[in-house]
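Okay, so here's just one chain, in structure tokens, the form predicted alone.
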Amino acid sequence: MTNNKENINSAEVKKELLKQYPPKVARKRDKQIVLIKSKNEKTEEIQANVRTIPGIITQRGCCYAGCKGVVLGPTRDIVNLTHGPIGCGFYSWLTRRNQTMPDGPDDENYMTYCFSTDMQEEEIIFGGEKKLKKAIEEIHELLNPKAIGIFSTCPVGLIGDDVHAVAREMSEKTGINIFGFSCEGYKGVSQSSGHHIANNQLFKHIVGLDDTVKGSSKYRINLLGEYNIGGDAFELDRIFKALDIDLVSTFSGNSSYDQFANSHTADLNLVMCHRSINYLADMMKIKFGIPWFKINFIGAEATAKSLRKIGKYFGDADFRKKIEDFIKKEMEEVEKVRVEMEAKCRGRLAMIFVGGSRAHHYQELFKELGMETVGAGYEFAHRDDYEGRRVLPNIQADADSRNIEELTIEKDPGRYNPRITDEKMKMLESEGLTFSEYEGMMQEMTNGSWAIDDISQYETEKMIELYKPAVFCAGIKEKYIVQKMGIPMKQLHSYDYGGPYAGFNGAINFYREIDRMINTEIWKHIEAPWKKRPELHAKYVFAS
């Protein structure tokens, strides 16, 4: 299959994407569709973190999904109790293939359970706090967990149940740590608001509870924004152990309550998914003095680069040599497979429209295969995820942003401990190691590609029609429509049945997976059923 980008007039693409919309809708969507220009030209500002236009089929999830499903869901020994009707309870049961490996036979693991208060009409009318208390009593009696998180769904916010008051009362009664999340699905514009709420409550109720310094290594880190989809965190654990790096805590793949409580004893925070966890990184820096920088363990070269950044931070010459020796050894097998797969994939096009950092990070893997990402975008990004944190001072807080609690964080009088001096930080920054910074996805995209925020189903189909990519990456909602168009669809929210794709072994897995998908003959024989037999015709009706 040839690279269809060469035959396309980029100036006409946006017109094609917008021409079917009513004028008012087209004006709004125009700001969320940006053509990436060369480094010598100025790429226009993108609009992000705004509400989806009613009537457009979005990829987004809700605030509750971001809080419970993304950030807290992968934690094995905190009971996640959904307060709401059982319909929301489906997401109480883990659906994202977050994996975990308990530390021993007696280690608790509640990830495979589905805890819900199963609110009925009676509770919606008269209130559900009594039922919530009863559910907590049952959980305590049966399981006696270290902690219970209560997650509010839409009806809870509408009827006014006070999950925080219930949490305080039941925590005192049971003697365990119980805390609530006001993460009603309608709050904010997407699941991003749920991430923020989850960060706040984790920081308020767990981080800093255990001051014990554990482990024996000189190199102590936290990994933030890694959720162990398909075993990604297991591959990263292998790498850290080989380099004698103590992973104090992961937020929150393959994680535990005790790790969260102890996380403030680490000496460095590494941030993978910037959007879902940057709040926690900033708060730990202010209160405890732990610096953070952005890393990426998706892609072999990106993994090597991130490991070198860790080596540079700790500054130990022997440690840095150990890292280089490890990279050299790992890259031998990686290169062997990459070269073989690149020969079959080079020049092909990819599109990535997913949540979190994946739309950015997975471009590294496609680049290593000689493929170009011609379109990418997030479900729930803010402008800084696209353009970098340098734009933060210019972002105006709107009503949706003010709807989320902003914590006031100060230095802990007894435990604030800057891990490195200002002089050393300035020296490292002069050598290219930037702290508390993220350059954003658009900086690394190629000239003539597209950044599209909150892409609609219509725009998805039109981009596929125009560019005919070799592979399309998105979530489960988009999977089957894309496949019916004769395009292989790589599901990057839960990896379907694949993974891990992080680290060196993950890169090898991904190379082989993409080769298998795009070089099979089956896709050329598929035609969307609505092309042969349209069941419904419609058009927009609006006043000019």
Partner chain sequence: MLLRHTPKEIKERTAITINPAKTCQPIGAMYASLGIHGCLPHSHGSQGCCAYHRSTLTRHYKEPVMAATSSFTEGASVFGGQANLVQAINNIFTVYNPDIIAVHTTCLSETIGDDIPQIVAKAMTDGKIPDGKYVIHANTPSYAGSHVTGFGSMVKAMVDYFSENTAGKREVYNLIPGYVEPSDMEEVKRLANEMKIDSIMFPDTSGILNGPQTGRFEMFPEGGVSINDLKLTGDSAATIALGKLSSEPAARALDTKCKVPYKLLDIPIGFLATDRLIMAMQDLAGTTVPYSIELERGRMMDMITDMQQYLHGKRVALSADPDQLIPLVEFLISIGMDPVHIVTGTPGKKTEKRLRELTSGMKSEANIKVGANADLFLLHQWIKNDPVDLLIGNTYLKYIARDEDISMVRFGFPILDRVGHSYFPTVGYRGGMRLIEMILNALLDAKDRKSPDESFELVM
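Residue numbers count along the first chain shown, from 1. Each form is matched to the other, and the largest set of C-alpha atoms that superpose within 1.5 Å is called the rigid core. Computed from a prediction, not measured in an experiment: that's the story for all the values here.
Not pictured, yet referred to below: the form predicted in complex with the partner chain.
Just one of L349, I295, I221, C154 comes within 4.5 Å of the partner chain in the predicted bound form, counting any heavy atom, and that one is C154. Of the listed positions (L466, I86, M331, I395), a single one reaches within 4.5 angstroms of the partner chain by any non-hydrogen atom in the predicted bound form, namely I86. Across the options 179 to 187, 340 to 348, 361 to 369, 418 to 426, residues that bring heavy atoms within 4.5 Å of the partner chain in the predicted bound form belong to 179 to 187.
With respect to the partner chain in the predicted bound form, the three residues P22, I124 and M485 uniformly fall within 4.5 angstroms at the level of their nearest heavy atom. The partner chain in the predicted bound form comes within 4.5 Å of a heavy atom belonging to I139.
Although the partner is absent here, G61 is a contact residue: one of its heavy atoms lies within 4.5 angstroms of the partner chain in the predicted bound form. Using a 4.5 angstroms limit between non-hydrogen atoms, A65 touches the partner chain in the predicted bound form. Residue contact check for Q443: none of its heavy atoms lie within 4.5 Å of the partner chain in the predicted bound form. In the predicted bound form, just one residue of 434 to 457 lies within 4.5 Å of the partner chain by at least one heavy atom: Q457. After superposing the rigid core, the C-alpha of K19 moves by less than 2 Å between this form and the one not shown.
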